[in-house]
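As a starting point, one isolated chain is supplied in structure tokens, in the form predicted on its own.
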């Protein structure tokens, strides 16, 4: 049985941060041989916390650990002439290059896609940047909150009485990594059929904007602009506090409004004024008060089990501890344990989707900085150990 659907594919991961490394990791998760190519100082994510046991060590960044599973690692200084020659040798053996440099940087080094394609016409190159390779914003730097703001998603997040809201975490980066991995796989399929690779230009901001499938047609079709939620009368289908956390009760599914009233133990919810969506909107503040009173002394898991029995759409706001102990995720093998040479054994979120014939395999932890230099440069490219020492002395690796 193969290690994955992409077994036999070789990926050079030049990218740093989250989006590009996540894209390359996903390719490695499903069989590709991924080589992480870092500058001699390392990916900057190695210096970003949280760190294992709060020790700011370049091998203990938990972000770097999770985003670089199933990869080997080398160091290479592309700013040197020899470094560029070494990289072109690697390109000749590769199927994919993933990079996240500012637009124009690789062209200034003579390593842009047209040059690489002359060495390997089947090569697929995936570039991830905040705004893409072209357009008036392409030279601009970006960050997670910038992508949220510029994509339009912040304009509809939160309530009207407060400033626009950014979601927690780095979801724009992960979304871009997911889309880029899928796009790269499609380009690989095409390259296999035609013998011709291509350059994929991914704008992280556009990726987020593309998820607003309801928001943008409002304006395109009707000239309407969707706003944020009203601050009151909005608890239904949004988080509500109960005795030990936050829960969501959503009308719909297999339950009627009467079923929800019975579930909450509040006959007053059966008043006809609450029986329709419009009525619940008009009487939202009164409805909120009833909902809060109905669940304030009830536990979230008690509510969850009863809602499931009644076929009511219901959710619990889970934190990291809840997810780590989640029986649903455990049953699907979402988390896996990996043995890291510096950190030791650690459980990581790993499996994003399950294939019936090629199950996920966690083959290796994130590489140490330059861990596979000797293997790649000496055993695979044919350089001697003395060459390796000289390249290190010259700052090439």
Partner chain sequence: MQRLPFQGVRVLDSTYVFALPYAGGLLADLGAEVIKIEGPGRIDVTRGGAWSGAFPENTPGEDWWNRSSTYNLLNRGKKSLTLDLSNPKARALFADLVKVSDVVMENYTPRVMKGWGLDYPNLRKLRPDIIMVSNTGYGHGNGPYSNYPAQATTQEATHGHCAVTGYIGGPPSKAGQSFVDFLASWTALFGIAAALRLRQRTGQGQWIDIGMYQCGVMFLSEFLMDYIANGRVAPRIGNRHPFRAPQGVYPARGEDQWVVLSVGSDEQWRALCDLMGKPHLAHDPRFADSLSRLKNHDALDEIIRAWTSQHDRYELMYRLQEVGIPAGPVFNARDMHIDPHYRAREFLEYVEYPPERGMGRRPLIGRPWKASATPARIQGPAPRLGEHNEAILVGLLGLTPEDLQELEKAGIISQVPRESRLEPRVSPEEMVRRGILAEWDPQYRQRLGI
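Numbering follows the first chain given and starts at 1. Note that this is a predicted model, so its numbers are computed, not measured.
FYI, the form predicted together with its partner chain isn't displayed, but the following is about it.
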Exercise. Look up in the model of the complex whether residue 301 has a non-hydrogen atom within 4.5 angstroms of its partner chain, and give yes or no.
Key: yes
Exercise. Report whether the minimum heavy atom distance between residue 167 and its partner chain in the model of the complex is within 4.5 Å.
Key: yes
Quiz item: Closest heavy atom of residue 188 to its partner chain in the model of the complex, within 4.5 Å or not?
Solution: yes
Quiz item: Should residue 83 be counted as a contact of its partner chain in the model of the complex, where contact means heavy atoms within 4.5 Å?
Solution: no
Practice problem: Report the stretch among 271 to 279, 75 to 83, 256 to 264, 287 to 295 that approaches its partner chain in the model of the complex to within 4.5 Å, counting heavy atoms only. | Solution: 271 to 279
Quiz prompt | Heavy atom within 4.5 Å of its partner chain in the model of the complex - the one residue of 91, 106, 242, 150 that qualifies | solution = 150
Exercise. Select from 141 to 162 the residues with a non-hydrogen atom within 4.5 Å of its partner chain in the model of the complex and write them out in sequence order.
Key: 141, 142, 143, 145, 146, 148, 149, 150, 151, 152, 153, 154, 155, 156, 157, 158, 159, 162
